[in-house]
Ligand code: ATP
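Only one chain comes next, encoded as structure tokens, the form predicted on its own.
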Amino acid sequence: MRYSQLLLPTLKEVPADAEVVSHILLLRAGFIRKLTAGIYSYLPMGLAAIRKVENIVREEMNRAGAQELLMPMVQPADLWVETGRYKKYGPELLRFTDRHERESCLGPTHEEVITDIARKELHSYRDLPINLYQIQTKFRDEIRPRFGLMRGREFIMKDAYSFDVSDAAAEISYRKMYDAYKRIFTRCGLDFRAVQADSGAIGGSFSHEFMVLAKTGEDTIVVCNNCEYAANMEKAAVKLRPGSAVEPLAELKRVETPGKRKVDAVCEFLGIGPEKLVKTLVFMADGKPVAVLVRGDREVEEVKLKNLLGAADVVIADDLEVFNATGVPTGYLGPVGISIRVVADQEVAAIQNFYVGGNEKNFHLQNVNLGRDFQAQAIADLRQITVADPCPECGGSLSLTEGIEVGHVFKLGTGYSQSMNATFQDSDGQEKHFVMGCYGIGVSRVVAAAIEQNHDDNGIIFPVPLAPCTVIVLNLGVKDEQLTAVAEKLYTDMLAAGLEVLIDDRDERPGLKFKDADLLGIPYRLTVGNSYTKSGRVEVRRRRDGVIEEMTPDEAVKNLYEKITAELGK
């Protein structure tokens, strides 16, 4: 590639609407351009980086025995109605009607389409196992698209779907994909962690997210300092510590707490710690109110609550919704005597003689006990885990870190095959539903996540496997015949060696060329300038650490070939 002929419109200034590092640098480096909210055009160098991810993904998926196909982006609503997701998926599913008044949607995922293929084409246990994947554009109508490629409305995704005869066989398929994902993200040169995760709108019984560790990550990850346990905050299970000695149940009392509504104010007024106060929070679950009880110093994990209730949508109620549901002003609500459904975090069931709101302004209740003074319709792990909690697997200490989700693997079971009546005939001649798995990678998101993890004040620092090209040749004397001849020979020799090279043949100041090379994040920079004029040597600079070596042109080609092929694992 020649810089002078390349569409690579770099920017000096930070774009006004860019919020995170990857968004800023992808725009400044001329890799992407915004078309409208959450939708971007990939310019040549940006597309080249995405193709690098695609190639790694494709090689490892094929190695794991998966077969590539391509499914339509436009999907008939009828399929989604069969699974019940046409309404359940929510407003992120872009629905539309064609000229024949047939309802359709733009595919955010393809479980329905692939299951339709399976029920039509796979008939016998002899056809199984099979894993089918595609790399394709998806569309999810995000309410607030942000962070560039990190959370756009249109994005490139690899999605795979496995079909097996049994749970045991599906476990093997799941493990193959789990291992393939580890190889993919290792080959991409990323620092990542596989964590237990909630299955969300996809459904299924079990899943893992693959998280790139980065300070700007939008997800919090819980990791054990002693074992391999790792989980998304939404999924992290709370293991209760051994409780204190059981105390006798004291008499229920009504205590005045004038103007004290917040946890801190109530605790200070009553002279108690937050572990003795149980707060009652009202959530609207699919439009219906439910009271959730947690200790005063805890926070409800909405995904856990959503899963417990089997609700499609769970949001905290506002003051008016609380009053309409209970007749009690916010800050004084408690579980004793209220008429709406009550669920309690498991920790609440282990506390005796605690305090709650008195269901009357300026009053709380003392010595309240679950089971004696009120009943809970369900008791479960409903709160967010903290670093003070023990690891749910080994009991060790926990840490919190940030991550960016780049991949997700799901055990789907038979949910989709049952709802769509997708069956095969087993070895005994019986009709059985396919046992399915689902495996996604956000291809375009991988590029953004790599930049979040690999950058400095001067620009991108691409891992070699993801770089749109691995070497940039800077000709600092385009009007000097000798320097130009050397630069051109280096360029052609490295191309002949199979290296991906960009030659900066622009008639620009050296300083600008250096800045652009750093901004683009190309792993190695080969400079033909004054050093060659003086000593017959060129400069080879590694972008990641800035180390510069001088060598002859032939040495430079050999040296770079050996380094790059080693980093690519070839």
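Since the model is a prediction, treat every value here as computed from it, not as a measurement. Residue numbers here begin at 1 and follow the sequence given.
Missing here is the form predicted together with the named molecule; even so, the following discussion is about that form.
By the criterion of a heavy atom within 4.5 Å, residue 285 is excluded from the residues contacting the named molecule in the predicted bound form. Although the partner is absent here, residue 451 lies well away from the named molecule in the predicted bound form, with no heavy atom inside 4.5 Å. Among residues of the shown chain, residue 151 is one whose heavy atoms approach the named molecule to within 4.5 Å in the predicted bound form. In the predicted bound form, the named molecule sits within 4.5 Å of a heavy atom belonging to residue 155.
Comment: the named molecule is not present in this chain, but in the predicted bound form one of 298, 110, 304, 445 has a heavy atom within 4.5 Å of it, namely 445. 140 is the sole member of 383, 364, 279, 140 with a non-hydrogen atom lying within 4.5 angstroms of the named molecule in the predicted bound form. Heavy atoms within 4.5 Å of the named molecule in the predicted bound form are found in exactly one of 125-133, 69-77, 400-408, 346-354, that being 400-408.
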